[in-house]
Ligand SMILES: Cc1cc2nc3c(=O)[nH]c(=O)nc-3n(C[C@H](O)[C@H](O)[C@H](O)COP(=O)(O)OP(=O)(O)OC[C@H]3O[C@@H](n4cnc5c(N)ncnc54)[C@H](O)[C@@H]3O)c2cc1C
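One chain comes next, on its own, written as structure tokens: the form predicted alone.
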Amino acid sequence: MSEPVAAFRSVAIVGTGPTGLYTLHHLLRSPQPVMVTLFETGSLAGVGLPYSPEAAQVAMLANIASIEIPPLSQTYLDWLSQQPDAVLAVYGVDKASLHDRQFLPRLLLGAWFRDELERMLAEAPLHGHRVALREATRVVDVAPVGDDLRVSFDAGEGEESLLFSHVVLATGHVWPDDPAQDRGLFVSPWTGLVEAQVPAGPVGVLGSSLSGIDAAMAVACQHGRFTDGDRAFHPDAGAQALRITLMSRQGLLPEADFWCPLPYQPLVHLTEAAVLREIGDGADGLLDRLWRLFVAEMAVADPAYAETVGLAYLTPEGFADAYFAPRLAADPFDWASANLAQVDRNTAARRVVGWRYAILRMHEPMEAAVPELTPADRDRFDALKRVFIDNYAAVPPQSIRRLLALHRAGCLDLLALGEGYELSRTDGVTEVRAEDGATAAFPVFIDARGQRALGAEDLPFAALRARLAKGAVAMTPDFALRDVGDGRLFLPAAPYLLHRMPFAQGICVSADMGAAVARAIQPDAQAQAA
């Protein structure tokens, strides 16, 4: 008697950024035929908003190098090596100097993603799969209909709908639209800033992470140029009034990305297995037990640092204070300059800073315990979360070099807001009052604070919202909704995961989510995806 044939999968993937592409990649590596329809709101699928011409310029760097990016049909570096010299030159890239740890313009990464999508579209029929692409098509609703899921969409000529066996809502980050009536207010760096003509005057940027740096670069490159390997900035004639102010609660700049062995070397104490054991022992006291593992790991990785900060006597909250204290006591631009020089020296010598590398490796196993913490411990964890984020969100050294050049040119300042700052916008001017009473006014203001956590009430699909309780969306480990769709409706989108996965961002996370979703839809995709 022959084995039963698996049911044919008809899959909708809503969103064609990195998560959608990696999901498609793994689905197409299943030996069982699958039919996939890709829905993309924008006019150019496969790029992803942060890497698209609508949201990025050449000066905006991707915060990830080829060595860290999971390959699709090929590695990012292999693709780069195949591009004509003249094309790379447009992005300021010399083919002869390419290497796998290089931070390159976001636009180039978007071009690689687009090429990979086109390759998948061309090769899918050769393996029995069918893929349809619907660009400039906005999905307006998703709802169960019997054993299927109905996807309703607007392609510009009225609303239509199709039925699918599985739906993947890979919708990515959610940014609000800029207010049309206020041309000086940008509620995110991704919605109109690149195309806008920003006058050379006071510009306020709320946020000093990579998003804030991107916003500063988008403005600065309208009014001047970087020279001498990005060590100098020269304002254009008539642009001497440009004054960009980055603002954050602590008034800190991110540190430069540091050299470390990749892939990660294994941890000794705070391993995935150890974290799972601690979770199994119950929620009461879980954070303190994990903290003891953290301390033990740091003592092995960098005993001198552990002794210097008195780590053995600190709580998670106390360590966060000790971690940031030296930077808070220094001038932020002096610190950035010294940190950049140290990173350059360590990179040249391939020298590892043990405590930095340990923190970088520990954030991933630690994240698995976050949903299991008690509410009180979850609040306490926020201090340690700031340390983890500050560490893994280090930015390309070139970005720090450009910030220092802008500061030396008199075009960039940094403002510490404190916790109790206030914002108000009146008559086209944003007024900022810091906790210490300092004030500033900006005709142009850019909110670059990054993605906030979203709940079911924020979903843009009315039928789906109506079936879910407000708050965090309950999901299985493979990102299927628990309350709707019988395991066939997936939501691998960072804003809806931050409640339980506070570090859910970046291309590596997108690749992991895409693989998990594909295996849930086509279990035999697992062997092919390795």
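These numbers come from a predicted model, not from an experiment. One-based numbering along the sequence shown.
Not pictured, yet referred to below: the form predicted together with this ligand.
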Interface check vs this ligand in the predicted bound form: of 175, 91, 305, 324, the one with a heavy atom inside 4.5 Å is 175
From 252, 139, 77, 217: within 4.5 Å of this ligand in the predicted bound form by heavy atoms is 139
Determine whether any heavy atom of residue 190 comes within 4.5 Å of a heavy atom of this ligand in the predicted bound form, and answer yes or no.
-> yes
Practice task
May I ask you to check whether residue 15 falls inside a 4.5 Å heavy atom distance of this ligand in the predicted bound form?
Solution key: yes
4.5 Å heavy atom contact, residue 51 to this ligand in the predicted bound form: yes
Can any non-hydrogen atom of residue 205 be found within 4.5 angstroms of this ligand in the predicted bound form?
no
| query | Is this ligand close enough to 41, 461 and 507 in the predicted bound form that each of the three has a heavy atom within 4.5 Å of it? | reply | yes
Here the chain appears without its partner; judged in the predicted bound form, the stretch of 117-125, 428-436, 131-139, 240-248 with heavy atoms within 4.5 Å of this ligand is 131-139
Residues in 95-126 that come within 4.5 Å of this ligand in the predicted bound form by at least one heavy atom, in order, are 106
